[in-house]
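Starting off, we have a lone chain in the form predicted on its own, written out as C-alpha coordinates.
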(Lines give C-alpha, C1' and ligand atoms only; values in the text may rest on other atoms or scores of the structure.)
Protein backbone atom coordinates (compact mmCIF):
# COMPACT_ATOMS: atom_id res chain seq x y z
CA UNK A 1 0.00 0.00 0.00
CA UNK A 2 3.01 2.30 0.39
CA UNK A 3 2.74 3.49 -3.24
CA UNK A 4 -0.89 4.52 -2.73
CA UNK A 5 -0.95 6.08 0.76
CA UNK A 6 -1.65 9.60 -0.50
CA UNK A 7 -4.29 8.86 -3.13
CA UNK A 8 -7.99 9.66 -2.67
CA UNK A 9 -10.44 7.18 -1.14
CA UNK A 10 -11.88 6.00 -4.49
CA UNK A 11 -8.40 5.03 -5.66
CA UNK A 12 -7.63 3.28 -2.38
CA UNK A 13 -10.73 1.11 -2.85
CA UNK A 14 -9.24 -0.19 -6.10
CA UNK A 15 -5.57 -0.46 -5.15
CA UNK A 16 -5.23 -0.83 -1.37
CA UNK A 17 -3.83 -4.14 -0.16
CA UNK A 18 -2.58 -5.30 -3.55
CA UNK A 19 1.05 -6.44 -3.37
CA UNK A 20 3.59 -8.02 -5.68
CA UNK A 21 3.08 -11.70 -6.50
CA UNK A 22 4.81 -14.29 -8.67
CA UNK A 23 3.91 -13.98 -12.38
CA UNK A 24 2.55 -10.41 -11.86
CA UNK A 25 -1.21 -10.94 -11.36
CA UNK A 26 -3.25 -7.73 -11.17
CA UNK A 27 -5.37 -9.11 -8.31
CA UNK A 28 -3.99 -11.12 -5.37
CA UNK A 29 -4.14 -14.87 -6.06
CA UNK A 30 -6.24 -17.17 -3.88
CA UNK A 31 -3.77 -19.07 -1.72
CA UNK A 32 -6.17 -21.92 -0.98
CA UNK A 33 -3.84 -23.80 1.30
CA UNK A 34 -3.97 -24.72 4.97
CA UNK A 35 -0.20 -24.82 5.49
CA UNK A 36 3.02 -23.51 3.95
CA UNK A 37 6.26 -25.34 3.16
CA UNK A 38 9.44 -24.44 5.03
CA UNK A 39 12.78 -24.31 3.24
CA UNK A 40 14.43 -25.90 6.26
CA UNK A 41 13.86 -26.67 9.93
CA UNK A 42 15.89 -23.57 10.70
CA UNK A 43 13.53 -21.40 8.65
CA UNK A 44 10.49 -22.99 10.30
CA UNK A 45 11.92 -22.23 13.73
CA UNK A 46 12.72 -18.65 12.70
CA UNK A 47 9.17 -18.13 11.48
CA UNK A 48 7.67 -19.41 14.72
CA UNK A 49 10.01 -17.20 16.74
CA UNK A 50 9.07 -14.16 14.66
CA UNK A 51 12.66 -13.69 13.53
CA UNK A 52 11.68 -14.08 9.87
CA UNK A 53 8.57 -12.89 8.03
CA UNK A 54 6.53 -15.43 6.15
CA UNK A 55 3.58 -17.78 6.34
CA UNK A 56 3.16 -20.87 8.49
CA UNK A 57 -0.50 -21.87 8.68
CA UNK A 58 -3.61 -20.15 7.31
CA UNK A 59 -5.25 -19.80 10.74
CA UNK A 60 -2.28 -17.60 11.65
CA UNK A 61 -1.86 -15.71 8.37
CA UNK A 62 -2.34 -16.14 4.63
CA UNK A 63 -1.34 -13.88 1.69
CA UNK A 64 -4.90 -13.61 0.31
CA UNK A 65 -6.36 -12.83 3.70
CA UNK A 66 -3.58 -10.36 4.46
CA UNK A 67 -4.20 -8.48 1.22
CA UNK A 68 -7.85 -7.99 2.15
CA UNK A 69 -6.91 -7.03 5.73
CA UNK A 70 -4.43 -4.42 4.49
CA UNK A 71 -7.08 -3.00 2.18
CA UNK A 72 -9.61 -2.45 4.98
CA UNK A 73 -6.94 -1.09 7.33
CA UNK A 74 -5.92 1.46 4.69
CA UNK A 75 -9.52 2.54 4.07
CA UNK A 76 -10.20 2.98 7.79
CA UNK A 77 -6.86 4.68 8.42
CA UNK A 78 -5.78 2.07 10.98
CA UNK A 79 -2.52 0.26 11.62
CA UNK A 80 -3.52 -3.32 10.78
CA UNK A 81 -6.65 -5.43 10.43
CA UNK A 82 -7.66 -8.99 11.30
CA UNK A 83 -10.07 -10.92 9.10
CA UNK A 84 -12.65 -13.01 10.95
CA UNK A 85 -15.13 -15.71 9.98
CA UNK A 86 -18.16 -13.48 10.68
CA UNK A 87 -19.04 -10.13 12.14
CA UNK A 88 -19.85 -11.84 15.43
CA UNK A 89 -16.46 -13.61 15.39
CA UNK A 90 -14.87 -10.16 15.06
CA UNK A 91 -16.94 -8.71 17.91
CA UNK A 92 -16.31 -11.71 20.18
CA UNK A 93 -12.57 -11.60 19.45
CA UNK A 94 -12.42 -7.86 20.14
CA UNK A 95 -14.07 -8.30 23.53
CA UNK A 96 -11.87 -11.31 24.34
CA UNK A 97 -8.72 -9.33 23.51
CA UNK A 98 -9.64 -6.33 25.65
CA UNK A 99 -11.56 -7.75 28.63
CA UNK A 100 -10.71 -9.67 31.78
CA UNK A 101 -13.06 -11.19 34.33
CA UNK A 102 -14.57 -8.47 36.48
CA UNK A 103 -14.33 -5.79 33.78
CA UNK A 104 -17.24 -3.57 32.81
CA UNK A 105 -18.52 -2.60 29.36
CA UNK A 106 -20.67 0.37 28.38
CA UNK A 107 -22.58 -0.55 25.22
CA UNK A 108 -25.14 1.03 22.90
CA UNK A 109 -28.70 -0.08 23.58
CA UNK A 110 -29.54 0.10 19.89
CA UNK A 111 -27.05 -2.47 18.67
CA UNK A 112 -27.07 -5.62 16.56
CA UNK A 113 -29.15 -8.14 18.53
CA UNK A 114 -26.51 -10.88 18.85
CA UNK A 115 -23.99 -8.33 20.17
CA UNK A 116 -26.17 -7.50 23.15
CA UNK A 117 -26.98 -11.20 23.59
CA UNK A 118 -23.25 -12.09 23.57
CA UNK A 119 -22.60 -9.58 26.33
CA UNK A 120 -25.66 -10.48 28.39
CA UNK A 121 -25.48 -14.28 28.17
CA UNK A 122 -21.97 -15.47 27.21
CA UNK A 123 -19.53 -12.87 28.50
CA UNK A 124 -21.54 -12.41 31.71
CA UNK A 125 -20.57 -15.99 32.60
CA UNK A 126 -16.99 -14.74 32.82
CA UNK A 127 -17.97 -12.01 35.30
CA UNK A 128 -18.04 -9.25 32.68
CA UNK A 129 -20.80 -6.74 33.39
CA UNK A 130 -22.45 -4.54 30.78
CA UNK A 131 -24.47 -1.35 31.08
CA UNK A 132 -26.57 -0.62 28.01
CA UNK A 133 -27.20 3.07 27.34
CA UNK A 134 -28.49 5.43 24.69
CA UNK A 135 -25.12 6.93 23.68
CA UNK A 136 -26.60 9.66 21.49
CA UNK A 137 -26.84 11.54 24.81
CA UNK A 138 -23.20 11.59 25.92
CA UNK A 139 -24.19 12.09 29.55
CA UNK A 140 -25.57 8.54 29.50
CA UNK A 141 -22.08 7.24 28.70
CA UNK A 142 -20.48 9.41 31.38
CA UNK A 143 -22.97 8.33 34.03
CA UNK A 144 -22.46 4.64 33.22
CA UNK A 145 -18.66 4.68 33.56
CA UNK A 146 -17.12 2.97 36.59
CA UNK A 147 -13.60 2.26 37.78
CA UNK A 148 -13.96 -1.17 36.14
CA UNK A 149 -15.01 0.09 32.70
CA UNK A 150 -12.53 -1.17 30.11
CA UNK A 151 -14.51 -0.84 26.87
CA UNK A 152 -17.04 1.63 25.54
CA UNK A 153 -18.70 -0.13 22.61
CA UNK A 154 -20.65 2.07 20.21
CA UNK A 155 -22.54 1.04 17.10
CA UNK A 156 -23.31 4.20 15.16
CA UNK A 157 -25.64 4.58 13.45
CA UNK A 158 -27.30 2.06 15.76
CA UNK A 159 -29.01 -1.06 14.49
CA UNK A 160 -31.91 -0.68 13.73
CA UNK A 161 -32.94 2.72 15.13
CA UNK A 162 -30.08 4.59 13.40
CA UNK A 163 -29.44 6.44 16.66
CA UNK A 164 -26.19 8.33 16.00
CA UNK A 165 -23.45 8.99 18.55
CA UNK A 166 -20.94 11.82 18.65
CA UNK A 167 -17.78 9.72 18.44
CA UNK A 168 -15.43 12.53 19.37
CA UNK A 169 -17.34 13.07 22.61
CA UNK A 170 -17.59 9.33 23.31
CA UNK A 171 -13.84 8.90 22.79
CA UNK A 172 -13.09 11.74 25.18
CA UNK A 173 -15.22 10.18 27.92
CA UNK A 174 -13.77 6.70 27.38
CA UNK A 175 -10.18 7.90 27.45
CA UNK A 176 -10.68 10.11 30.51
CA UNK A 177 -11.74 6.94 32.36
CA UNK A 178 -8.90 4.81 30.99
CA UNK A 179 -11.20 2.82 28.69
CA UNK A 180 -10.99 2.10 24.97
CA UNK A 181 -13.59 3.13 22.41
CA UNK A 182 -14.61 0.28 20.08
CA UNK A 183 -16.88 1.28 17.18
CA UNK A 184 -18.99 -0.96 14.96
CA UNK A 185 -18.84 0.88 11.62
CA UNK A 186 -20.86 -1.66 9.62
CA UNK A 187 -23.76 0.65 8.70
CA UNK A 188 -21.55 3.39 7.23
CA UNK A 189 -18.38 1.63 6.05
CA UNK A 190 -15.16 3.67 5.77
CA UNK A 191 -16.54 5.18 2.57
CA UNK A 192 -18.89 7.32 4.68
CA UNK A 193 -17.45 7.32 8.22
CA UNK A 194 -13.97 6.70 9.61
CA UNK A 195 -14.14 6.42 13.43
CA UNK A 196 -10.36 6.69 13.94
CA UNK A 197 -10.62 10.30 12.78
CA UNK A 198 -12.84 10.96 15.83
CA UNK A 199 -10.72 9.16 18.42
CA UNK A 200 -11.78 5.50 18.26
CA UNK A 201 -9.23 2.85 19.26
CA UNK A 202 -10.70 -0.19 17.50
CA UNK A 203 -13.16 -0.52 14.60
CA UNK A 204 -15.15 -3.64 13.77
CA UNK A 205 -17.30 -4.58 10.78
CA UNK A 206 -19.53 -7.30 9.60
CA UNK A 207 -17.93 -7.53 6.15
CA UNK A 208 -20.99 -9.56 5.14
CA UNK A 209 -22.66 -6.19 4.66
CA UNK A 210 -21.43 -3.10 2.79
CA UNK A 211 -17.72 -3.99 2.56
CA UNK A 212 -18.42 -7.11 0.53
CA UNK A 213 -21.68 -5.76 -0.85
CA UNK A 214 -22.96 -8.77 -2.77
CA UNK A 215 -24.74 -11.00 -0.22
CA UNK A 216 -22.44 -13.95 -0.96
CA UNK A 217 -19.94 -13.83 1.92
CA UNK A 218 -20.11 -14.11 5.71
CA UNK A 219 -17.12 -12.36 7.26
CA UNK A 220 -15.97 -9.84 9.84
CA UNK A 221 -12.96 -7.68 10.50
CA UNK A 222 -11.21 -5.87 13.36
CA UNK A 223 -9.08 -2.80 12.62
CA UNK A 224 -6.70 -1.55 15.31
CA UNK A 225 -5.44 2.01 15.44
CA UNK A 226 -2.02 1.50 17.00
CA UNK A 227 0.85 -0.91 16.52
CA UNK A 228 1.02 -1.94 20.18
CA UNK A 229 -2.57 -3.23 20.14
CA UNK A 230 -2.12 -5.46 17.11
CA UNK A 231 -0.19 -8.38 18.68
CA UNK A 232 -2.81 -8.68 21.44
CA UNK A 233 -5.59 -9.03 18.91
CA UNK A 234 -3.61 -11.35 16.61
CA UNK A 235 -2.74 -13.70 19.46
CA UNK A 236 -6.35 -13.74 20.65
CA UNK A 237 -7.73 -14.45 17.17
CA UNK A 238 -5.19 -17.22 16.60
CA UNK A 239 -6.26 -18.89 19.85
CA UNK A 240 -10.02 -18.45 19.34
CA UNK A 241 -9.65 -19.56 15.74
CA UNK A 242 -12.51 -17.60 14.20
CA UNK A 243 -10.55 -16.64 11.09
CA UNK A 244 -11.83 -15.92 7.60
CA UNK A 245 -10.81 -18.26 4.78
CA UNK A 246 -8.84 -17.26 1.65
CA UNK A 247 -11.72 -17.56 -0.83
CA UNK A 248 -14.10 -15.36 1.17
CA UNK A 249 -11.24 -12.89 1.65
CA UNK A 250 -10.77 -12.80 -2.12
CA UNK A 251 -14.49 -12.08 -2.62
CA UNK A 252 -14.51 -9.30 -0.01
CA UNK A 253 -11.40 -7.69 -1.52
CA UNK A 254 -13.08 -7.79 -4.92
CA UNK A 255 -16.25 -6.24 -3.48
CA UNK A 256 -14.28 -3.42 -1.87
CA UNK A 257 -13.12 -2.22 -5.28
CA UNK A 258 -16.64 -0.88 -5.92
CA UNK A 259 -17.36 0.18 -2.32
CA UNK A 260 -17.23 3.91 -2.99
CA UNK A 261 -19.48 3.67 -6.05
CA UNK A 262 -21.99 1.42 -4.29
CA UNK A 263 -22.20 3.62 -1.19
CA UNK A 264 -22.75 6.73 -3.31
CA UNK A 265 -25.60 5.10 -5.23
CA UNK A 266 -27.14 3.54 -2.13
CA UNK A 267 -27.09 6.89 -0.34
CA UNK A 268 -28.52 8.71 -3.36
CA UNK A 269 -31.39 6.23 -3.52
CA UNK A 270 -31.97 6.24 0.24
CA UNK A 271 -32.30 10.03 0.42
CA UNK A 272 -35.12 9.96 -2.16
CA UNK A 273 -36.85 6.98 -0.52
CA UNK A 274 -36.63 8.52 2.96
CA UNK A 275 -38.15 11.77 1.66
CA UNK A 276 -40.90 9.78 -0.09
CA UNK A 277 -41.71 7.79 3.06
CA UNK A 278 -41.67 10.86 5.32
CA UNK A 279 -44.27 12.54 3.11
CA UNK A 280 -46.51 9.46 2.87
CA UNK A 281 -49.80 9.70 4.83
CA UNK A 282 -49.56 6.08 6.02
CA UNK A 283 -46.10 6.50 7.57
CA UNK A 284 -45.91 7.38 11.29
CA UNK A 285 -42.22 8.30 11.36
CA UNK A 286 -38.93 7.87 9.48
CA UNK A 287 -35.41 7.73 10.92
CA UNK A 288 -32.69 8.52 8.39
CA UNK A 289 -29.48 10.52 9.00
CA UNK A 290 -30.03 12.51 5.81
CA UNK A 291 -33.37 13.99 6.90
CA UNK A 292 -33.42 17.28 8.81
CA UNK A 293 -36.03 15.70 11.09
CA UNK A 294 -33.45 13.14 12.22
CA UNK A 295 -32.78 13.65 15.96
CA UNK A 296 -28.98 13.62 15.59
CA UNK A 297 -28.88 15.37 12.21
CA UNK A 298 -26.05 17.76 13.17
CA UNK A 299 -23.85 14.92 14.48
CA UNK A 300 -24.50 12.95 11.29
CA UNK A 301 -23.50 15.95 9.20
CA UNK A 302 -20.20 16.15 11.09
CA UNK A 303 -19.33 12.45 10.95
CA UNK A 304 -20.80 11.14 7.69
CA UNK A 305 -19.58 11.93 4.20
CA UNK A 306 -23.03 10.81 2.95
CA UNK A 307 -26.08 9.66 4.96
CA UNK A 308 -25.87 6.00 3.97
CA UNK A 309 -28.25 3.34 2.74
CA UNK A 310 -30.13 2.36 5.93
CA UNK A 311 -33.66 3.60 6.75
CA UNK A 312 -35.95 2.73 9.66
CA UNK A 313 -39.62 3.65 9.66
CA UNK A 314 -42.98 2.73 11.14
CA UNK A 315 -46.41 2.75 9.56
CA UNK A 316 -49.42 4.26 11.31
CA UNK A 317 -50.93 0.78 11.59
CA UNK A 318 -47.93 -0.47 13.57
CA UNK A 319 -46.85 -4.11 13.41
CA UNK A 320 -49.83 -5.37 11.39
CA UNK A 321 -49.46 -2.66 8.74
CA UNK A 322 -45.73 -3.31 8.49
CA UNK A 323 -46.38 -7.01 8.02
CA UNK A 324 -48.72 -6.30 5.10
CA UNK A 325 -46.13 -3.99 3.56
CA UNK A 326 -43.29 -6.51 3.86
CA UNK A 327 -45.43 -9.33 2.47
CA UNK A 328 -46.47 -7.17 -0.49
CA UNK A 329 -43.17 -5.90 -1.87
CA UNK A 330 -42.01 -7.40 -5.16
CA UNK A 331 -38.71 -5.73 -6.07
CA UNK A 332 -37.52 -5.27 -2.49
CA UNK A 333 -36.50 -8.59 -0.94
CA UNK A 334 -37.85 -9.74 2.42
CA UNK A 335 -34.65 -10.97 4.07
CA UNK A 336 -32.35 -10.21 6.99
CA UNK A 337 -28.85 -8.78 6.55
CA UNK A 338 -28.07 -5.55 4.73
CA UNK A 339 -25.52 -3.74 2.63
CA UNK A 340 -25.86 -5.65 -0.62
CA UNK A 341 -26.55 -4.34 -4.10
CA UNK A 342 -30.15 -5.50 -3.67
CA UNK A 343 -32.71 -3.72 -1.48
CA UNK A 344 -33.68 -5.74 1.60
CA UNK A 345 -36.59 -5.18 3.98
CA UNK A 346 -37.12 -6.87 7.34
CA UNK A 347 -38.80 -6.71 10.77
CA UNK A 348 -36.20 -6.43 13.56
CA UNK A 349 -38.51 -7.27 16.50
CA UNK A 350 -39.33 -10.71 15.12
CA UNK A 351 -36.09 -11.31 13.23
CA UNK A 352 -32.63 -9.80 13.82
CA UNK A 353 -33.37 -8.46 17.32
CA UNK A 354 -35.67 -11.19 18.61
CA UNK A 355 -32.93 -12.58 20.89
CA UNK A 356 -32.77 -9.29 22.83
CA UNK A 357 -36.18 -9.83 24.40
CA UNK A 358 -39.10 -7.40 24.29
CA UNK A 359 -38.10 -5.32 27.32
CA UNK A 360 -34.56 -4.69 26.02
CA UNK A 361 -35.89 -3.89 22.54
CA UNK A 362 -38.40 -1.37 23.84
CA UNK A 363 -35.74 0.24 26.04
CA UNK A 364 -33.57 0.63 22.92
CA UNK A 365 -36.40 2.21 20.93
CA UNK A 366 -36.94 -0.86 18.76
CA UNK A 367 -40.72 -0.84 18.50
CA UNK A 368 -42.75 -3.83 17.35
CA UNK A 369 -43.78 -1.91 14.25
CA UNK A 370 -40.30 -0.77 13.17
CA UNK A 371 -39.37 -1.74 9.61
CA UNK A 372 -35.71 -1.70 8.52
CA UNK A 373 -34.85 -1.00 4.90
CA UNK A 374 -31.40 -1.57 3.42
CA UNK A 375 -31.43 0.38 0.18
CA UNK A 376 -29.58 -1.14 -2.76
CA UNK A 377 -28.41 0.23 -6.09
CA UNK A 378 -31.50 -0.48 -8.22
CA UNK A 379 -33.28 2.32 -10.08
CA UNK A 380 -34.81 4.47 -7.36
CA UNK A 381 -38.04 5.05 -9.30
CA UNK A 382 -38.55 1.28 -9.44
CA UNK A 383 -37.97 0.98 -5.69
CA UNK A 384 -40.43 3.78 -4.88
CA UNK A 385 -43.00 2.27 -7.23
CA UNK A 386 -42.64 -1.05 -5.42
CA UNK A 387 -43.10 0.57 -2.00
CA UNK A 388 -46.09 2.53 -3.35
CA UNK A 389 -47.93 -0.55 -4.59
CA UNK A 390 -47.22 -2.31 -1.29
CA UNK A 391 -48.41 0.68 0.75
CA UNK A 392 -51.64 0.77 -1.22
CA UNK A 393 -52.46 -2.65 0.30
CA UNK A 394 -51.98 -1.41 3.86
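Positions refer to the first chain, counted from 1. All of these numbers come straight from a predicted model, not from anything done at the bench.
Note that the form predicted together with a small molecule isn't included here; everything after this is about it.
Residues 155, 187 and 372 are all found to lie within 4.5 Å of the small molecule in the model of the complex, as judged by heavy atom distances. Among the residues 250, 112, 233, 132, the one placing a heavy atom within 4.5 Å of the small molecule in the model of the complex is 112. Contact annotation: of the candidates 71, 206, 266, 164, the single residue with a non-hydrogen atom within 4.5 angstroms of the small molecule in the model of the complex is 206.
The closest heavy atom approach of residue 145 to the small molecule in the model of the complex falls outside 4.5 Å. Contact annotation: residue 91 falls within 4.5 Å of the small molecule in the model of the complex, judged by heavy atom distances. Interface residue remark: residue 352 is counted as part of the site for the small molecule in the model of the complex, having a heavy atom within 4.5 Å. Although the partner is absent here, residue 238 is not a contact residue: none of its heavy atoms lies within 4.5 angstroms of the small molecule in the model of the complex. Heavy atoms within 4.5 Å of the small molecule in the model of the complex map, among the stretches 40-48, 334-342, 363-371, 26-34, onto 334-342 alone.
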